[in-house]
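Take a look at the structure tokens below, where one protein chain is shown in two forms, each on its own, as structure 1 and structure 2.
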Structure 1
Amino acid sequence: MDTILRTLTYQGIPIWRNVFVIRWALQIVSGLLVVLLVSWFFINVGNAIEDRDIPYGFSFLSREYQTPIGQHFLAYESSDTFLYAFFVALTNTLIVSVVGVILATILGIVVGVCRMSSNWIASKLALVYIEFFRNVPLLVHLFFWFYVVLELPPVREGYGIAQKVYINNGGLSFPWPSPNGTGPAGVWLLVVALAIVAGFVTHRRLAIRETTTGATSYSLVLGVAVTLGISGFAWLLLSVGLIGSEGEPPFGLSYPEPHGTFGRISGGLTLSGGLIALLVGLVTYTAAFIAEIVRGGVQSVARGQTEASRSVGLSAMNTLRHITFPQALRVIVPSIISQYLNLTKNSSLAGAIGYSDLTNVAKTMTQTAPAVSIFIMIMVAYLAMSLVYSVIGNLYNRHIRFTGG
């Protein structure tokens, strides 16, 4: 036995004393324990479901949903399947999440910068905003904004602006692009995507040249000009029929118009009161946290950086834009990703104010379909959205960490 133990060595060190071997052994044992625990959990859940005859499975996804969805950005009919209805609700949540993240980031950065301003009024107003919105529960915010919307006049007595925009307690209606056929619209959107890539490449190359040579290149202006120029030229070619045979613009404007006895508005795009209240509540609430993250990140940059930039003649705004903020991003990005995840998950409160988000629609589905299966789908959907935000944020954080912006 002693002879066998003496022969069990790695890199000349007995395996029971080799740090590398011990570390790997512990990881393997830990992994096996985790697998066993997870397997035990799901086996017990499965046995409990079978013992109590709880319905499960996903065969219901091909059945007709037969329930209306109040607000939907995709075409939807009650005769559509459960799977398509779930996708429509997921799209509603995705739109709220993406638009909310963009608006909350912009508002949070503005409020965070105002919080550090030397202007006493701007600084104190930002402080009041942050303390108020951070310390009142989000659900209370949503109810407040929702009842503000409900205080607007009814549809027949609502406000109209130039007979193109209508504001009432049903929501906000305004003109919206409508495709003139799937062919021209699809071709133009493809060209726009390529134009954005071309504009970004132009911007990056000119920015690198400006950094290398020091000569002003107006990289952002020219990048935007390339994108708009390609997109506009493609629009012109499609409109006159040089591309395709129809000879009409890819998109036209659909205008909202009141119809019927009750003045219901058709055409254009109508954002329901629930959607408006949800977006305003999520944006104002999340922006307060983002503002504090921005303030903490900027103040983490050494004061000598600001003093050096001011000594060479940079203004306070240029110092913040070119010196302080790019360095602060390394601190800001990891924390701000968490706020993006929180905003996405907090959108599940939409059911409280009547917006047809993923959770609200899925909860309605449980009346005619297996609740266990539906809530598994909800968890997977939110997990997927959160992981996408995490991956994008981590990739960007790695980029600025190694390239400096």
Structure 2
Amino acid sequence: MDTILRTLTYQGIPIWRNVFVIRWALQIVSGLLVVLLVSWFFINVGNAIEDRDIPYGFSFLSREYQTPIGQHFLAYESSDTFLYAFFVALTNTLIVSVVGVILATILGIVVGVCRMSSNWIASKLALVYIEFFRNVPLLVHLFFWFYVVLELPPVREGYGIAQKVYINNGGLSFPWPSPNGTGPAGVWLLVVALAIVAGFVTHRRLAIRETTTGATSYSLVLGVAVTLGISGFAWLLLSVGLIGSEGEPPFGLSYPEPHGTFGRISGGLTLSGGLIALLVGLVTYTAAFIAEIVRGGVQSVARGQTEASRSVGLSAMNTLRHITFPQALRVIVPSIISQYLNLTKNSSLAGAIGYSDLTNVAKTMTQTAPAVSIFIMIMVAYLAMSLVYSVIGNLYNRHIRFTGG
């Protein structure tokens, strides 16, 4: 009777049990809570800025920074603006990131391949390397290398190799190309860029020809040859003065030379001790992670793939190159990209060993400029770097993904 009555007077789902209402209520409440919390923070920051006369805004960017930056790869004077100094610091981080990524990838792949080797000594050595370097904080690595570099002899008593390369506690100095006049150098660099594009196109077309017709086309060799040929030809033309003016090569080599009472080294390129310690620490640390990723990726390829490839007659080397590695790459690339990001972010530890990276310079900047604005700038810079790496990684990933063709 009771049931019938309830059925007859059914009014729909009560509002507090309606999924639609619950969902929206939940979203609105959580959204409101966060908005309230964030605005409370902002009001407090606003109050604090007014009460304590803390400067804010971005007008400081055009002021002179007036603080030296240790190692810098772009020309920098203390009288340059905050904006330019920030840019110089960003380049410092970018250079560490790019060089570190390249070296760490090479070392990581070598260690990873050794780890998978059937050779007992190689495999165990790689294991010890990975287990040791992964499990110790990067900061300890960096300090270790930093003090190792500090223990090198001073500049005057430092080691020199054939009067060309100098190693001492000031860092590592080696010959570096320097442009002979901006005109020819610029022209040549432009030609090289074009040559790389041409080489890439050649490689691509030959590769397509090879897959469609089966005719051996040496796509990689010919692509590289095209690039080198065009660049070399342009170099020759510029050197003999056919299109340039002075008739000298676009780039010369600048050699490091010690001089003065303290034996300061000028010329060439000098990597400061902090930068070397940072690079060695970052590369050896990240390589341990990359090695594990490489191993995991290769082991994720089904055993049958290798066996099938060997049984149709491919050699061990060709099996790795054409069968195992391309499949492993799909697993490897996303994780390796996140390691690249980690390396870039870890380079912010550089401040501890005296290399002026983005975070270190920004930290110094907060003494004379508004912290809020600087924080926003660093965040944007790091997020932009992450984005660039992710985009490159995703593009590459799309290039190698399984298309079934």
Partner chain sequence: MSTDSRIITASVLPPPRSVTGIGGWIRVNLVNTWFNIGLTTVFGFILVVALWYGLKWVFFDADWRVIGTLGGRIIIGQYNVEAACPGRDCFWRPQAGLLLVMVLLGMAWSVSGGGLTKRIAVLFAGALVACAFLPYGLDKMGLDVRLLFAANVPALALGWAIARHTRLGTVSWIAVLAFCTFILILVLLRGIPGVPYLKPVSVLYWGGLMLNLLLAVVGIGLSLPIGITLALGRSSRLKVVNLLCVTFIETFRGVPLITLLFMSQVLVPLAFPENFPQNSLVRAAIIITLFSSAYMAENIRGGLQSLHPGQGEAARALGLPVWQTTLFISLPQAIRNVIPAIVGQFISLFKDTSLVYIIGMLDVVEMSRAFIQGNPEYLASAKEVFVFLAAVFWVFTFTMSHVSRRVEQHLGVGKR
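These figures come from a predicted structure and were not determined experimentally. Under this definition, the rigid core comprises the largest set of C-alpha atoms superposing within 1.5 Å between the forms. Residues are numbered by position in structure 1's sequence, first residue being 1.
- prompt: Which one here is the form predicted on its own?
  reply: Answer is structure 1, the other one does not fit.
Rigid core superposition, residue 37 Cα moves 2 angstroms or more between structure 1 and structure 2: Yes: residue 37 shifts by at least 2 Å between structure 1 and structure 2.
message: residue 383: after superposing the rigid core, is there a C-alpha shift of 2 Å or more between structure 1 and structure 2?
response: Comparing the forms between structure 1 and structure 2, which are aligned on their rigid core, residue 383 does not shift its C-alpha by 2 Å or more.
- prompt: Quick one: once the rigid core is lined up, does residue 25 have its C-alpha move by 2 Å or more between structure 1 and structure 2?
  reply: Result for residue 25: yes, a 2 Å-plus shift.
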